[in-house]
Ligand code: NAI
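Take a look at this one chain, the form predicted alone, written out in structure tokens.
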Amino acid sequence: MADKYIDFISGGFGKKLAKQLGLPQPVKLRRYEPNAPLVPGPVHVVSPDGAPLETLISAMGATAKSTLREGEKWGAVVVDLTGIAHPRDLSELVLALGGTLRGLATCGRIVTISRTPAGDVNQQAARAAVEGFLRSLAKELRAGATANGIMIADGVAIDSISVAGALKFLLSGRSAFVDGQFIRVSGEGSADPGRSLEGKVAAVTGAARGIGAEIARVLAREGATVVAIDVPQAGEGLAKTANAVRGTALPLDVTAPDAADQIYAHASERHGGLDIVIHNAGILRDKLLANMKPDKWDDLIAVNITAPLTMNERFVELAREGKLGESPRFISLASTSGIAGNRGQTNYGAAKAGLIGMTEALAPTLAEIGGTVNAVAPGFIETDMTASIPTVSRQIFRRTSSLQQGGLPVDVAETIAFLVSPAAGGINGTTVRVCGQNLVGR
């Protein structure tokens, strides 16, 4: 659903009125476009040793520079904080970053690269401080700019494949609605970060419409063959999605005990295998707990968390038997409701938090078999479902993120496409929020 307010304040009288009244002034976000530059200007690297990052950025087709020409704006600023050992070590680097902010382009990017908190007390405090700094900085930015971090484990090189993949994603228009978040890299990765999903077969549940249909479209754009899955009652929409991406449709209730076997059989018989599974199917049964009936609780739990748990158990068995791709990728759709809670959604919040727990618990198992499992947690996304929210409430939800607007289904899909890509092989067991840095949660 279009955000007519953004259209109104984007120019002329509307823009002047919003400025005079001190109203929110969100901008149209920079999203993926074929053949568009990675960033809208040169990239400034703030680092004690900028050479590795400057090399990475140049390899991505962007320009790393130390100064601007007259009339130029920074497309992005990348800050290397991997060497800090005490909170006082932040001062020089973050203040240098601060000096560049007025020269940041519309929809520019700030990316910090730091280490996962570990080590002695001083070092752990310093590394943890980066998180509070970055999230606070993201709330200060305007004009569609975002600030995100890459947090890498000790032993992982700053120029490793998965760090490069995460950096490219965060600099690009594909991360438009990811703001104030950290991508945690626990391994080096083992593939060319520029490689697509060519030759991969992806199963997407809940694919008949909305976010699921967009996930199917973006995965197909990146080269994957898609099996679109939804309940038989959604047959028309399911067929439309499958036809649009030149994939196949599988009418299926994901709560069926043999759902995983049906998905695997279809993918194998029609496409020769299965590499990627996206657990997107979900339902809403909102009710205050005092008024919650057993069917509203049990039905939601069955679809939203029990089905993915049951299917993943079987998919892991198939992977151990060598029947899935050599680097299987599992993704679950969580939600900010599972992180911060939401009134009237005790059942939904429980299920979505459960998916995050499942993701963390499964990560070591997937690592053993050469794969990854991650989750994506959307915030307010413009869909048919959110279009039914009363107008005033919908406007409040839109404006309470740092980007002062709702996201689009494509924003969720782009994040998923990155996480299942070969370049994300070192990212495992993490949850990435796609919420424009919504005020709820972290």
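So that there is no doubt, residue numbering starts at 1 and follows the sequence shown. What you see is a predicted model, and the numbers here were worked out from it, not measured in a lab.
The discussion below concerns the form predicted in complex with this ligand, not included here.
- For the options 47, 63, 386, 400, the one in contact with this ligand in the predicted complex, meaning a heavy atom within 4.5 Å, is 386.
- Of the residues given (318, 309, 231, 125), 231 alone sits with a heavy atom within 4.5 Å of this ligand in the predicted complex.
- Figure note: of the listed segments 139-147, 162-170, 328-336, 100-108, the one touching this ligand in the predicted complex, with heavy atoms no more than 4.5 Å away, is 328-336.
- Contact annotation for residue 348: at least one heavy atom lies within 4.5 Å of this ligand in the predicted complex.
- In the predicted complex, no heavy atom of residue 189 sits within 4.5 Å of this ligand.
- This ligand is not shown here, but in the predicted complex it comes within 4.5 Å of a heavy atom of residue 282.
- Although the partner is absent here, residue 406 lies well away from this ligand in the predicted complex, with no heavy atom inside 4.5 Å.
- Every residue of the trio 209, 254 and 303 has some heavy atom no more than 4.5 Å from this ligand in the predicted complex.
- In sequence order, 348, 352, 378, 379, 380, 381 are the residues of 347-382 having a heavy atom within 4.5 Å of this ligand in the predicted complex; the partner itself is omitted from this view.
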